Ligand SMILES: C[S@@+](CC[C@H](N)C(=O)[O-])C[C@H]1O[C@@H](n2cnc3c(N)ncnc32)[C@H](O)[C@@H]1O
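Just one chain follows, in the form predicted on its own, and it is written as structure tokens.
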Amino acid sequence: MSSASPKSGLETPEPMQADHINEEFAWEVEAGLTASPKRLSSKYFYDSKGSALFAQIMDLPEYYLTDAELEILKEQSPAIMDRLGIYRETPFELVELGAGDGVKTIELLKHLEAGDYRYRYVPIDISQQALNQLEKNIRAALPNKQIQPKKGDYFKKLGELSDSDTPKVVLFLGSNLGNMKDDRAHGFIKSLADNLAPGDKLLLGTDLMKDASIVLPAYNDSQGVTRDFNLNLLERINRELGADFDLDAFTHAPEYDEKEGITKSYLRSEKDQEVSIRAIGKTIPFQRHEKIHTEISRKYNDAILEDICRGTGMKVIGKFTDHRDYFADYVLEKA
């Protein structure tokens, strides 16, 4: 029998069994939905359904980011390797952080394989499922290519490679840095530099600042796939934490500030309502039009990136863009 909370007047849901709960997920959901304003971490988008939906997003006509970076790697890999200071006779380690399905990386690997470069490819990801899919895709595209995947925290695994004197090129593609606020992005770049030797390089994918008419459709496509991707986060909370979110009562509501250069994704409550979450034993109130902040996507220019890199030990030494200047892969070097 549930009881009413004397403090809030809201009904307290029956608790779930502890052995059925992802405790970190439950803790972060509780912290985020009891904060003001409400928030949920974008890292929880990527359960199996979320990952499949994101794969669909990358193929959407409105989602220019994938095609733009794919164009760069297809057409400019020789120039990129030259700017990285890597030549055929130079042994090096190619370390990728969060490679995803590897579609873009494969274009770079094709160039390296055709040129008989002497390198070892080491993808790092926290998801074994992602590494398995990456390995499968690389095997299909490059049957003779051997890779050495490592599952775990980026910096821990990168640190394990730091004892080697072999030069390193780190790939961090797909504008993943843009999902971090600027202070956190600064900390990320600094932590990366701390695990590299002087002269090591970083190839960093970044979405560039542009008009809202181009940016917003990439986060609110006509087919509603991005909407479903965002709402799946609530569905995951329902499934894994015993919540009763009514998905029809929430709307996907992205916003973009052209001057600031940041896209923000929200889930907006369309009515006054209460949501019970058994795993945390709480009922969360929502007001009509109250928003849950789920994600940011920073857009960059040279000045913004250089400001983020200041004091990290990494310096921008090159830039490659697609033909529309929508996207850039920057080359950074540890001083």
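By rigid core we mean the largest C-alpha set that fits within 1.5 Å across both forms. Keep in mind the model is a prediction, meaning the values are calculated, not measured. Residue numbers run from 1 along the displayed sequence.
What comes next is about the form predicted together with this ligand, which is not displayed.
This ligand in the predicted complex is approached by residue 173, whose closest heavy atom lies within 4.5 angstroms of it. Using a 4.5 angstroms threshold between heavy atoms, residue 260 stays clear of this ligand in the predicted complex. Interface membership of residue 107, defined by any non-hydrogen atom within 4.5 Å of this ligand in the predicted complex, is ruled out.
Shown alone here, residue 64 lies farther than 4.5 Å from this ligand in the predicted complex, counting heavy atoms only.
Considering this ligand in the predicted complex, the lone stretch of 127-135, 158-166, 250-258, 81-89 in range is 127-135 [heavy atom distance within 4.5 Å].
Put simply, of 115, 98, 187, 224 only one has a heavy atom within 4.5 Å of this ligand in the predicted complex, and it is 98. This chain appears without its partner; in the predicted complex, the one residue of 54, 266, 300, 286 with a heavy atom within 4.5 Å of this ligand is 54. Residues of 248-278 placing a heavy atom within 4.5 Å of this ligand in the predicted complex: none.
Once the rigid core is overlaid between the shown form and the other one, residue 153 counts among the residues whose Cα shifts by 2 Å or more.
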